[in-house]
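Quick setup: one chain, the form predicted on its own, written in structure tokens, and binding and motion questions come after.
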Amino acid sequence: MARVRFAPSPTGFLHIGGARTALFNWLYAKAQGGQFILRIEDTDRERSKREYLDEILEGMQWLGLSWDELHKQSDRFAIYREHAQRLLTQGKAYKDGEAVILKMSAGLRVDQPIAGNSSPQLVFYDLIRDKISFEVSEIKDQVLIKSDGSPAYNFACVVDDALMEISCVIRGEDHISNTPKQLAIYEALGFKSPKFAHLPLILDAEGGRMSKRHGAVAVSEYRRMGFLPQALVNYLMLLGWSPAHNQEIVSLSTAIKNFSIKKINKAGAAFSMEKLEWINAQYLRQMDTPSLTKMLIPFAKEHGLDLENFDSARLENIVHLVKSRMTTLKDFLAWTEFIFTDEVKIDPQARAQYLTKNKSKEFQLLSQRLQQIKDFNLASAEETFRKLIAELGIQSSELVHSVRVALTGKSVGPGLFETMAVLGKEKTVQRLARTRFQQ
């Protein structure tokens, strides 16, 4: 059975690179009917923080990457010391003060020199990159247990991967240099080494390492920005792996059926916020309005808008009105601000463009006619508006834009009559009556 692990360190938040590593491990396990292990590598006592651990666990759950087992290295110190002592007893390691250090000569499996290179080589096979070689002379004795009694990264990693029966180690290419050191530790301990697959780095649009300015922020920040977990997961899949037929919208169930670690690209994948936003918008449009409304209520509350006691049917109408214009959940707040406030804020540019020519007479007549409607809805508001412009002998474009600005504060938005319907008769009439034209 395939067993893989994601091993984050709680010395920082879960970022995009780590989330993609977790995703590819999860997909590999699911595609092979195997198990996905979450191992918290918290051996750094000073830098490991509870808040980071909580955020990692919450981020994984939010993304839908459930695990079969959860382990913490801080609970396993006695195991590491036991294996280090065994190597000392066997003469494969030595003490340097309180530290325990592996003699690399006790663990290195040296392959024949590669043609054209007389130096002994250590060669291993990578599922993504094929053969990778290192010169043996570059690999020094390795610390197993530090002087403070805590295990070194490579040692704890090997002991855990072996005892947890990890069959394939899938991690970022920045760990390639750790692999020969770990292979030596496997050999010294007499453990069978797993397969290895090193993922390409995620790059910014210019081909450099990602920075916070180009998307390298915590997964929790993407959640606060209003991205859907399924959209973020979908996008992360595309960073290094391509499903069949160049699909861009891919469900997890489809990805599991088609996933192969050997189809992951060797080259770095460029992160594009625009592409992520496009994918998120597709998921928003596909989501049924009641489900989206349910998701928006807690999101809006986190951003200071309490909708829990708002009329549910009316709220769904509002969501339906702006859904096609949303890129993220946060856009809902921007597009609907005019609905949930008593005083609309008019954009200066929109005012200058549409509220300079005095239309007080037209606005007064429209507000009076709308006030007289008994059953105020989209159809009755539109009928009233169109009858008025016919009586006035003007084009609808001469009034529709200025009315939209008066009602919403913006020059662009959903259909005017849909806007009137969700805003309601009282607010519609009040805003038309209060509008002041800039001369």
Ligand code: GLU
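Just so it is clear, the structure is predicted and the values come from calculations on it, not from any experiment. In case it trips you up, residue 1 is the first one in the sequence shown, and so on.
Below: the form predicted together with the named molecule, not depicted.
- For the chain shown alone, residue 419 is not a contact residue for the named molecule in the predicted complex, no non-hydrogen atom being within 4.5 angstroms.
- Although the partner is absent here, residue 432 lies well away from the named molecule in the predicted complex, with no heavy atom inside 4.5 Å.
- Among heavy atoms of residue 41, some come within 4.5 Å of the named molecule in the predicted complex.
- Residue contact with the named molecule in the predicted complex: residue 153 places a heavy atom within 4.5 Å of it.
- Of the candidate stretches 286-294, 220-228, 272-280, 168-176, only 168-176 has residues with heavy atoms within 4.5 Å of the named molecule in the predicted complex.
- Here is the short version: of 236, 202, 199, 157, the single residue with a heavy atom within 4.5 Å of the named molecule in the predicted complex is 157.
- Shown without its partner, the chain has no residue in segment 122-145 with a non-hydrogen atom within 4.5 angstroms of the named molecule in the predicted complex.
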